[in-house]
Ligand code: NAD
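Starting off, we have a lone chain in the form predicted on its own, written out as C-alpha cells.
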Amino acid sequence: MKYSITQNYVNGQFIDSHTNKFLDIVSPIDGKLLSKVPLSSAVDLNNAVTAAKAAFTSWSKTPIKERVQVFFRYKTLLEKNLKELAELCSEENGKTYGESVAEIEKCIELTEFATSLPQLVTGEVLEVSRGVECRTEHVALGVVASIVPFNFPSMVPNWTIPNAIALGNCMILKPSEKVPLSCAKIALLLKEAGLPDGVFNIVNGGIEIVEAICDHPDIEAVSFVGSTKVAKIVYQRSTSNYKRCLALGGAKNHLMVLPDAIPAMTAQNVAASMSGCAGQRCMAASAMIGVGNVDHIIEKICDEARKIIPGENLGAVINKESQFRIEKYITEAEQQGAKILVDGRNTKVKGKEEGTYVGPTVIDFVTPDMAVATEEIFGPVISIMRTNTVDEALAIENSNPYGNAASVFTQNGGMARYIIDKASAGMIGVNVGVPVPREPFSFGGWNESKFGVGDITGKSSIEFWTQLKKSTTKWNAEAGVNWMS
C-alpha cells in the first residue's frame, strides 16, 4: 500500500474514523493498492458538524474582504503544488497527466473567481422615502455540505469549496470513496493558506454518510454531483428535511453534425469530446446525430479516434466494474445491428495489464431506441445516429430525459441559432465539443441533469450559498409617520 490509511479531517486535524469497515483504493492505471478509505458513521459526521458549527460564529462575522484573502493564498498554493496535485489525480482516478494538469488549472480559475466575490455581493441601498433607507445584504447559511464524485477528484470539490466558504459558510465535504486522496491534499493546502480550523472538514464514507448528511438537522444546504438516480434521492431526502439542495445528475449529450461542418475541426472536437477523461465526465459527447450525408466527417472521426492510444493519450476508466459495463453496452449495440467502426473492447496496456482500460469506440447506425443511444455510458464511446433533417435531430435530442449539454457543428449561423433556441439543454455549443462555460458563467444543466434552483458555480452560486437580509431604517423624526411606519 503506497499511502497510509485515509483519515477524516475535522477541526483542522486528520483523525481516525469510528469504524472498522474500509474499502481499498486501487489505481485504475495499474491495479496497485494505494490506500484504504474508512466507511465512516453518523457519529463521525456529527463530530464534523459540531466543529463546523462552532467555527461558523467567528468565520461568518469575518468581513468578506478578509475571508477571500485565504483564497488568494490558496490559489498561489494550487499553482505551486500543481504537479503534485496532478500526479495524485492521475494516480487515483486514472486520467492522463495532461488531463489532470487541466483539472488543477480549472481549480485555480474557480478559486480566482471566489476572490472576486467581495465585488459581487455588495448588496444594494436606496432611499425609498425621505429619511427612510432600504438595504440588502447576503448572509451565510451556516454549516453546508458538498458530496462529490470520482471523475474529477479536485475540480468538482473546488466547484463548491471556494465560493461557499468565501461567502461565510463552514463546510463538510464527502469525497467519493474511490478517490479521497486529492481532497485530503486540498485540506492541507487550505490550512496552509490560513483557513481557520473547523471551517472545512472531510468525512469519508459511503451511503451511510450521504444519508446522514441529508438528515442532519444542523446542515443547512447540500450540493451533490453524481448519477441522476442518486441525485434524485439526495434532492428528495434533503428537501424533505427542509434543506436547500442542488443535485447535479447524469447526461446524454448530443452533437448534431451538419454536412457543411468543417470536417477536420469537427472530427477533432468530436473525438476529443467523447474520449477526454476516458469519457467519464457529464459533458462528454456520447451521442452524435449526423444530419444528411456526413460520411466524410464520420470517416475523419474514426481516423482521429485511432490516434487515441490507451495508456498514452487515453486514461483508464475507474475500475473493473465500469470497464465491464462499458464493454457490455458496445456488445449489446453490435448484437442489435449497430456497426462498430472503431472497437475499444478487450484493451490491455503493456506493463499495466491490471489497469482498467477501454479504447476509443465509434458505433455507427445506432437507432434511438438502443441503450447506447439513451443511457449514460460514462466511457470513451460515441454512438452515431442518422437523420435527414435538423428537426428530426432535435426531436431525438429533446426526447432524451437529460439536459446537460448539446452542440452543433455547422458554418450556418442561422441554423446554429435555430438549434440553440430549440435544444433542451442548459449548456449549448457551436463548433465546440465540450461547451463548459468559463468563470464567471455558471455550470448547470436542465431536466434530469439538475435538481434544484440555480447553478453550482459562477455568479448563480451566490444565491444558493447565501440568504438575503433586507433592512429598513429611519433616523430622522422629521420624516413623520406614513404607511411605511
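Numbering starts at 1 and runs along the sequence shown. None of these values were measured; they are calculated from a predicted model.
The following text describes the form predicted together with nicotinamide-adenine-dinucleotide (NAD), which does not appear among the structures shown.
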Wondering, does D364 line up within 4.5 Å of nicotinamide-adenine-dinucleotide (NAD) in the predicted complex on heavy atoms?
no
Flag P259 as yes or no: does it have a non-hydrogen atom within 4.5 angstroms of any non-hydrogen atom of nicotinamide-adenine-dinucleotide (NAD) in the predicted complex?
no
Taking 4.5 angstroms as the cut-off for heavy atoms, does I326 touch nicotinamide-adenine-dinucleotide (NAD) in the predicted complex?
no
Within a 4.5 Å heavy atom cut-off, is V210 in contact with nicotinamide-adenine-dinucleotide (NAD) in the predicted complex?
yes
Residue (of V225, I297, A166, V143) lying close to nicotinamide-adenine-dinucleotide (NAD) in the predicted complex, criterion heavy atoms within 4.5 Å:
V225
Can you work out which of L248, A221, V372, V199 has a heavy atom no more than 4.5 Å from nicotinamide-adenine-dinucleotide (NAD) in the predicted complex?
L248
Are all three residues W159, K178 and I233 in contact with nicotinamide-adenine-dinucleotide (NAD) in the predicted complex, where contact means a non-hydrogen atom within 4.5 Å?
yes
Name the stretch: of 344 to 352, 373 to 381, 124 to 132, 76 to 84, exactly one has residues whose heavy atoms fall within 4.5 Å of nicotinamide-adenine-dinucleotide (NAD) in the predicted complex.
373 to 381
Going by heavy atoms, what in 442 to 458 lies within 4.5 angstroms of nicotinamide-adenine-dinucleotide (NAD) in the predicted complex?
F443, S449
